[in-house]
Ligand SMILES: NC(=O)c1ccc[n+]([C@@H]2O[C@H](COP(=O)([O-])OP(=O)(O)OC[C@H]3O[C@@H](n4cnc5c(N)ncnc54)[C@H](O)[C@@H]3O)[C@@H](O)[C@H]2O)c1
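The data below hold one chain only, encoded as structure tokens and taken in the form predicted on its own.
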């Protein structure tokens, strides 16, 4: 696109999540909102009145009237692929809200349209873009925090039954899947971003309470190509909400603990204990000293560790953080790194988790070829009765 002062943007889908896109674009100070579209006219008109641009009744109408550099797609997930392909065929770039698509088949169809287009596809995975994740990826990537060995990835959220009142929610057609796809995918993507390629998944997904066609809880054990192992759990039944990733390396434990977005204060790194402390671990477990500290837990004398030394400006993870980077990249003519291709491992992970839970066997990433039964849909195209039995306890 070349260097430019303002990037022309548009937003398709004016529901709740669209506000994050509209506010994020406005905060950059580098965009011109040329249009918003929604099949419910009142929603588009309200968005245009508040944020600017012209309201349209459809993507087709918007693209016929405007020439945006970038179009955000913030509609329900079931329509993402179709809209993205239409935008790409018109020669424009696309930013897809998560989950980007509902299947690997849809992802590949969008990728094919991207290859034939002057536009590019980007995906909202904002947790890659906070300063904590940027530091973690850089330090882990060059081995400064040690070699990852064990990890825990938790998305323990709560959604009441009323959350599923909209007709598209809770359905394979509308949402494509449960908390694995629609909620835990944030933490899953960050985990993979930090640990690299995964190899094998063995998973369980169950429906315990919510009125949905798929799971409301899932859990998986994962083996990475590096040899690291991890557990992943996703839930919509957890009243005290928590999003957490912990990575234990040969040099310490890196952890981020938040809910919907983190700041640097939510990240910690605990270096591996020195010989003196390590020798005392497990002695008189649970017994506290006069100062209140656990017996055997005295800290070693340590200097500054690589995590502490890397601290800089605190940028919280958010749509705004990613959009700020994306718009700067587009305005400067630079590539932006959260591409459709870079998110394929995340969609493969989600696909394998559903396939493993339904089949009751481990799934290798290499298995997920176009002839795999779960390539075209996360329910494997199986009959409703069979799926219901798979998710039942």
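Positions refer to the first chain, counted from 1. Everything numeric here is computed off the predicted structure, so don't read it as measured data.
The same protein has a further form, the form predicted in complex with this ligand, not shown here; the description that follows concerns it.
Participant: Is residue 9 close enough to touch this ligand in the model of the complex, meaning at least one heavy atom pair within 4.5 Å?
Facilitator: No.
Participant: Can any non-hydrogen atom of residue 353 be found within 4.5 angstroms of this ligand in the model of the complex?
Facilitator: No, residue 353 is distant from the partner.
Participant: Any of the heavy atoms of residue 365 lying within 4.5 Å of this ligand in the model of the complex?
Facilitator: Contact check for residue 365: no, nothing within 4.5 Å of this ligand in the model of the complex.
Participant: Looking at the partner-bound form in the model of the complex, is residue 128 within 4.5 Å of this ligand by any heavy atom?
Facilitator: No - in the model of the complex, heavy atoms of residue 128 and this ligand never come within 4.5 Å of each other.
Participant: When this ligand is placed as it is in the model of the complex, are 178, 207 and 235 each within 4.5 Å of it, taking any non-hydrogen atom of the residue?
Facilitator: Zero of three within 4.5 Å in the model of the complex.
Participant: In the model of the complex, which of the listed residues (94, 188, 110, 124) lies with a heavy atom within 4.5 Å of this ligand?
Facilitator: It is 124 that has a heavy atom within 4.5 Å of the partner.
Participant: Out of 332, 65, 341, 39, which one falls within 4.5 Å of this ligand in the model of the complex, going by heavy atoms?
Facilitator: It is 39.
Participant: Tell me which of 263-271, 114-122, 79-87, 248-256 has residues with heavy atoms within 4.5 angstroms of this ligand in the model of the complex?
Facilitator: Result for this chain: 79-87.
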